[in-house]
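Quick setup: the structure tokens below cover two forms of a single protein chain, split into structure 1 and structure 2.
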Structure 1
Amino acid sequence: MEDKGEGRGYIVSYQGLEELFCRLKEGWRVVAPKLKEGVILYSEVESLRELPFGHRNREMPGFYCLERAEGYFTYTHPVNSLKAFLHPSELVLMRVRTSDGCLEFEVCNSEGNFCFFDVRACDLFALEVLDRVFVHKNPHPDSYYRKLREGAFVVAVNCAYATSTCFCTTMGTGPEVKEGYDLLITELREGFLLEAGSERGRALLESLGNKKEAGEEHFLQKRERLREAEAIMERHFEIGGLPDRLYGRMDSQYWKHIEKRCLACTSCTQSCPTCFCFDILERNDLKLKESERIRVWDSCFSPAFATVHRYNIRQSVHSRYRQWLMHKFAYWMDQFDLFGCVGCGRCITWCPVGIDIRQEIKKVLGSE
């Protein structure tokens, strides 16, 4: 995708957004935030009215709730991430069946044609991370991920609000959406500013009926809203030289202290938009007529994850926590030239004992 044009956009009303959504539904399976089971989740939606407009998520370490708010895009990111659609928690790779005494093999193809609607800066950056993991920095590109990712249409939204667990400003991933999108929405006082980030986004935008050219005052409002969202968040640590500083603390006594709190429950890795570890399993039916080879999410916190030839090289919880934190903020940079953390804060919110990764990084660095 190309980057957006400079200073070119249109203002539309809510009816204009509905027109846009209807156009998208004609060509894609639209995935967007939706109020479901008491939380906001990325889900397939049929109507713009299914989005959780007028709701706000409040998040703290180990805490999540929803409340009412004035406006439309009043929330941040959903509880789950787009990883659930591009790298699903369970994916059937192949089936083997018995038929007339012979074996029939079926290689399963992934099906997508997704439009990801209302994607925030942190989740959009997470897609860039996954693209490098599975395709661009992978000597053996993942055909399943690539097929789902190719052709996906992305409608991003600039954040005007942040929860107490958001730290995208620290990681340099938000709150402003800068690239990687087809269309970008910013909610303003008098409507919605739409900007194109690709040729197909521009073509769709130009085809909308109810729109007017955006003026300089609209882009000034956009900058003001972004500054307000950025001001809510604290910068927790410096990312410059962070991998080398962490490498210097590999043998710190700090790591053993985390074992007193961490449950190794895997909640952080399951909620993370970039954790990609998986296992391959064989699932057989009880009649032994069919077998499926499936790919399922795994976690470096699982006791058996680091078992090699019946020996577990990370038997302690603190060694698993160190592996996870170091991978996010050090090893990942060596592997993929960027951090594995996008500052979404999901791991903080959904940790059952409220461990805050931002504070843990400061603690391990403070032990220098």
Structure 2
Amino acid sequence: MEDKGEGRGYIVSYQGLEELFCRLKEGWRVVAPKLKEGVILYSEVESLRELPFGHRNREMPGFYCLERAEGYFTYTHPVNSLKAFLHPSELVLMRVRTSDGCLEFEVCNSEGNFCFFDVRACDLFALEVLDRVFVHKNPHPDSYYRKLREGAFVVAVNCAYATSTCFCTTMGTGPEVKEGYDLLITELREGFLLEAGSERGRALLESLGNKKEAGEEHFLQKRERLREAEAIMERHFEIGGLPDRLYGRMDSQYWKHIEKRCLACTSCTQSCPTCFCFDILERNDLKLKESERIRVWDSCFSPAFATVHRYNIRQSVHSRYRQWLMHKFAYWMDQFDLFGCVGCGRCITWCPVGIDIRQEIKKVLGSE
């Protein structure tokens, strides 16, 4: 375990943040939230000014809009997630060429060299989830993910706000950033509290110019900010023993009710920061001399997802919904020792018909 230097930190001004950002830009491809087409999206950014400071995302089931707010880190997580960078929606795995009955393989493995700047607790936890799925709990570690992920520098931010679809407190993932970061920012009244979570984070922090050591009052303020976010969120259900309680409801009549409401459109799985399912496609030229093997995002809601001999084992929409919900909140725990849900609420906001997974879980738990 690296020395995080618990309880130590520095206060910097906005200029201090800019200095930090410039230093990061020197060594990394910086990915941060950015305003785009009326929403906030993780994108590669060139300067700190591109961040959506002073904007606030308002979210409800099936609804998203932006408002103005006082301060800097006034929003929550972006619409997309870091999955888009580490497990790209379309990735060429290899190119295969044929000559005289022999095949030549070119493996397409690219490096990430990412700095993820302004990552909230839920999305940071999602990184841990993906790390386990692709590498740490996978007997055949995924070289593609690993190469994009390896060495990524993470600057996390503590949330002082939550939207109506956030439920990190229920899932136990936030709003407080606890581990898995290099640097942590908390916006306070008189500046930004910077804390290091790794040796390289500490080294970078120590090397910054204008800063002053944080005192006890700053850590108290940090607690207050976090409590502001916590207060917005309701505790929806108890996660202790949740997998077992769900396993006991697999034959519940409840599932049938979702059939009339769910579009099986895949939006929830695609918006999710941890849904990892993919398909592998072959893309060929007309003469069939070269073929690319491409990995693309797939979804358990896709009509051909569980097809065996041209027959999809999960014909009904409700069985696909059950698969998704059970995977996230029960199977995942057996597979990877944590939940597949980080409580970010993206599946709720981005469901075109506003199905709220928190309510559905309550319904299934309350059913026979």
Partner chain sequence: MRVGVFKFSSCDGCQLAFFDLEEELLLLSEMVSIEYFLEATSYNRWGELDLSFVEGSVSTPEEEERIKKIRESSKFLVAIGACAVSGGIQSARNYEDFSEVYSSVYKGHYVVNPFSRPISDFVKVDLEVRGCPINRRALKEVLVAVMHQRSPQLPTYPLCLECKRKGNVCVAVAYQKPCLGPITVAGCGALCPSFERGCYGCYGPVEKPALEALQGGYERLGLSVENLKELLRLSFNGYNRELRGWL
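All residue numbers here refer to structure 1's sequence, counted from 1. For clarity, a rigid core is taken as the largest C-alpha set superposing within 1.5 Å between two forms. Nothing here was measured: the structure is a model prediction, and the numbers come from that model.
Source of structure 2: the form predicted in complex with the partner chain. Shown in the overlay between structures 1 and 2, fitted on the rigid core, is a CA shift at Gly241 smaller than 2 Å. In this overlay on the rigid core, Val96 has a C-alpha that sits 2 Å or more away from its partner position between structures 1 and 2.
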